[in-house]
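As a starting point, one isolated chain is supplied in structure tokens, in the form predicted on its own.
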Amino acid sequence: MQTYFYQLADALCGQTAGSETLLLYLQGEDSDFVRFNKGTIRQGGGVKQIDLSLDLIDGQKCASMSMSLQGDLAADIAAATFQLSTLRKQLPSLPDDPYILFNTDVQNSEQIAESTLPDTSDIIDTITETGKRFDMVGIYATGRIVRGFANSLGQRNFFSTAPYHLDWCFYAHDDKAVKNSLGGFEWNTNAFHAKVALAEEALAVVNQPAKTIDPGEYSVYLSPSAMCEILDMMSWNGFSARARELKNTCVLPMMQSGATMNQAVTLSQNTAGGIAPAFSPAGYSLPDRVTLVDAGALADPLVPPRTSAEFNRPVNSGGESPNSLEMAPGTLATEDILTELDEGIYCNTLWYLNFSDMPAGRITGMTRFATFWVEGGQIAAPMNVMRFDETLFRALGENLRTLTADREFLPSATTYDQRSTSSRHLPGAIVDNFRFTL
């Protein structure tokens, strides 16, 4: 794929004339997907696709388009050449864009990760051998993901990786199930069986009569998956330089009212530890790490090129939201979670999250799947669905009791259009006085 992309780039970039600059960004995958239902394979298949974005720039004018490629070099050069000529015809009639910004300092890079995964059929055999004992539904996705950048200034960047993710549920009855996930770059059969064993224990509890509690404030354990949902909401506009400049952000209290988070909270965009490439679609090399919240205090925002041009900030990101979000670990051992919680709610999954008061950093959502009532440091009963309504600055600030020492790497299971390169690396948290409203 790398040789193919560079030959394609050479052919297209060689057609620029005068003061034109051409930017090319390639996204491709060769993926296997297996869907499970009732513990057996329901559907298997593969996806091979290559998409190319072209930006033709002359002065302050930019014409852009995207196209799908066949993987046949001669045919793709011909198709892309036609599209390039179309962009050239459009340029004179386009208005000037004051915020065009792209890298003009040639920074070449190559990052190719070899796959260490066993054969897909071996992994599927392990999953189905276990899954057939349960009413299991889920999806396994694996294969190579590639990204490439090239421009007519001579820059070439190529990125290739081969992660996997397994997202599954053990269904019990009605709205009761136990959800789990596993992902990364190395398949660990022992880790999979450990998660299955814990899920089997939870499934036995889920099948018991459910407990309903009154609305109010409770101590709650938020698993890494539950924390992921909350931090994904914060990522909508909490780390964006543009959102902060326009005061359209959920961290406004941190900017204007002196609000802080707990000193245990440090959040970073950790590109070096994620799945995403270390270069942007505009050709900028990205730093290994950008600290977003430092020991509870607001730190650097994410600045993509257009925001950089508009607000005169240095580029440090390809977008306004983190795609490799990491939270520093705490000190609580996994085996001590229930003892430390003592009495309260063990929350494995949240869903349907939204802002109930975005400028105040207030989020609402629902519990889902394997949420338990805990008494005396022991799981006592499954819980019926509850709605919460809580601010970031209470949950991750004054009411945050502790974070777990172990963290979970959570690749995004999103496959809309293509497999995602987003990931989260997060601990769990025990939070006091967490507000449930109904």
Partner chain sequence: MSEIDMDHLESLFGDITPAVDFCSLRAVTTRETHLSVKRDVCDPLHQSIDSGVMITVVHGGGLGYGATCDLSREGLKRAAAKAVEFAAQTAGRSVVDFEQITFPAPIGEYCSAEERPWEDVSLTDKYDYLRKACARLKNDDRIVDWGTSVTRTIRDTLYLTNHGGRLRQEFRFTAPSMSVTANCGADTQTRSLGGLQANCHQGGMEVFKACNFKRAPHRLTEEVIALLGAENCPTGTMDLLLAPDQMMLQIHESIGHPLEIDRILGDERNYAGTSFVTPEMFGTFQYGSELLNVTFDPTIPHEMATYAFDDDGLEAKKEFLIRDGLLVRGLGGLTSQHRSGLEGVANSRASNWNRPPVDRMANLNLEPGDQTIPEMIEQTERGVLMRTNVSWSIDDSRNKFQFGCEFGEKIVNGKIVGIVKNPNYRGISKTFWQNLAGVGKAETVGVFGTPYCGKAEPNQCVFVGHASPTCRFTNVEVFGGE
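No experiment lies behind these values; they were computed from the predicted model shown. Numbering follows the first chain given and starts at 1. The term rigid core refers to the maximal set of C-alpha atoms that superpose within 1.5 Å between the two forms.
Another form exists, predicted in complex with the partner chain; not displayed. Remarks below refer to it.
- Contact with the partner chain in the predicted bound form, judged by any heavy atom within 4.5 Å, is made by just one of N354, N312, N108, N207: N354.
- Although the partner is absent here, G365 sits close enough that one of its heavy atoms falls within 4.5 Å of the partner chain in the predicted bound form.
- Not displayed here, the partner chain is kept clear of G216 by more than 4.5 Å at the level of heavy atoms in the predicted bound form.
- Within 4.5 Å of some heavy atom of the partner chain in the predicted bound form lies at least one heavy atom of T391.
- Mapping the unseen interface onto this chain, A278 falls outside it, with no heavy atom inside 4.5 Å of the partner chain in the predicted bound form.
- Stretch-level contact check against the partner chain in the predicted bound form with heavy atoms at 4.5 Å: of 290-298, 331-339, 166-174, 149-157, the positive one is 166-174.
- For the partner-free chain shown, A413, T414, T415, Y416, D417, Q418 of 393-422 come within 4.5 angstroms of the partner chain in the predicted bound form, judged by any non-hydrogen atom.
- The two forms, fitted on the rigid core, differ between this form and the one not shown by less than 2 Å at the CA of A150.
- Remark: with the core as the superposition reference, the CA shift of H173 between this form and the one not shown stays below 2 Å.
- The Cα position of M254 differs by less than 2 Å between this form and the one not shown after fitting on the rigid core.
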